[in-house]
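We begin with a single chain expressed as structure tokens, specifically the form predicted alone.
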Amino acid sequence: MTDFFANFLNPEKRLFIGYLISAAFIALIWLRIAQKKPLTEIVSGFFSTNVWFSKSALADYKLMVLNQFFIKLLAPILIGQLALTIFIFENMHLLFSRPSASIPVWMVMLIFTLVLFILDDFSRYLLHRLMHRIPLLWRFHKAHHSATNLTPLTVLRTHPIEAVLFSLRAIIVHSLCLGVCFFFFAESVSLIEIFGSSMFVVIFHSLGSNLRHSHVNLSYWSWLEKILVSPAQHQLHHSINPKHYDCNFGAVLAIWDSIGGSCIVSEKNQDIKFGLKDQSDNAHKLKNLIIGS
């Protein structure tokens, strides 16, 4: 239960209450000024029971709770980040000689923060793309895409196996960055942090990352959407329209999609239907989400 509430109290988590509030504020400004919707309609939309208590949203909550227990259960047998970091650090001696030149601490912090951010974002993009391209992995990932109503909590609507794979991805990436940076920069390694979390993580989530899983189609300029993934672009990723299949796999940076030929910029006033082709209401049953329907 403590891990569950950590999603809302930990600034490293996307669902941190501060990020949810900032997303709501950004959505309010966007809907009122850009789309000129009445304030009463905006507020009622934020708290719509048709969204938050839909079959799709209820399935989000069930998977969210299930995954908390599943990850906790598997935690003792998952590879440890500390052990992997030490392994990488020790084996770096076989490949390189430790540099003698000293680098200012601020530069080490900047390099480490930037490298971790880029490698973490690229690995998210790569695993996400594989989830769509490899049939076995798609059987797990389609639980996420079966959501027909998107809310910020939909980010946790993942099959337990997918949750484990993304956890392993994070452990490997963070261990690799730590091991290599500790070898080259010794004890100077640390992140540039805001509120105890990586600077880039805080900036990304504060600028409305939670709107990606929502019905607020916040878009950027077309040129910027080829660099950064907008909420509207990620909503295209969830679209049931065949012309939107296999697009916008990126988490933060859209440059991976631009390079990989999978970047699609958002459309003005886009009206998207979410979910899977020809799915029934049974797709939201927990049994079908876990074993497939």
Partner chain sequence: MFNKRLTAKAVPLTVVLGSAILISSSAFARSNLYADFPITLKDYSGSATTSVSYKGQMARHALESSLKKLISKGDMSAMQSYYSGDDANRAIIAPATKGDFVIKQSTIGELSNKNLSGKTYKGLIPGWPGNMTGPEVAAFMFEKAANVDGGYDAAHAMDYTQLVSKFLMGAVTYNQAVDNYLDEKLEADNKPNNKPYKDGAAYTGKEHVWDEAFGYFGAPAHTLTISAQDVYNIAKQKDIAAADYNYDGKVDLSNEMAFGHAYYASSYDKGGKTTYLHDIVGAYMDGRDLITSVNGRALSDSERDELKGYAQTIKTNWEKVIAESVFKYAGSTYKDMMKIEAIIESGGDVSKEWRTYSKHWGELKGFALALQVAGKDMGETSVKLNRLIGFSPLLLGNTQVTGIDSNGEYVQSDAETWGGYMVHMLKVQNLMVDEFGVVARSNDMTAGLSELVQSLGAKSSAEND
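Numbering follows the first chain given and starts at 1. The model shown is predicted, which means the values in this text are computed figures rather than measured ones.
FYI, the form predicted together with its partner chain isn't displayed, but the following is about it.
Judged against its partner chain in the predicted complex with a 4.5 angstroms heavy atom cut-off, the residues 65, 151 and 246 are out of contact without exception. Contact annotation for residue 109: none of its heavy atoms lies within 4.5 Å of its partner chain in the predicted complex. The closest heavy atom approach of residue 97 to its partner chain in the predicted complex falls within 4.5 Å.
In the predicted complex, at least one heavy atom of residue 93 sits within 4.5 Å of a heavy atom of its partner chain. For the chain shown alone, residue 226 is not a contact residue for its partner chain in the predicted complex, no non-hydrogen atom being within 4.5 angstroms. This chain is displayed alone, yet in the predicted complex one of 207, 118, 194, 71 has a heavy atom within 4.5 Å of its partner chain; that residue is 71.
Interface residue among 240, 251, 265, 31, judged by heavy atoms within 4.5 Å of its partner chain in the predicted complex: 251. Residues from 11-34 that approach its partner chain in the predicted complex with a non-hydrogen atom closer than or equal to 4.5 Å are 12, 13, 14, in the order they occur in the chain.
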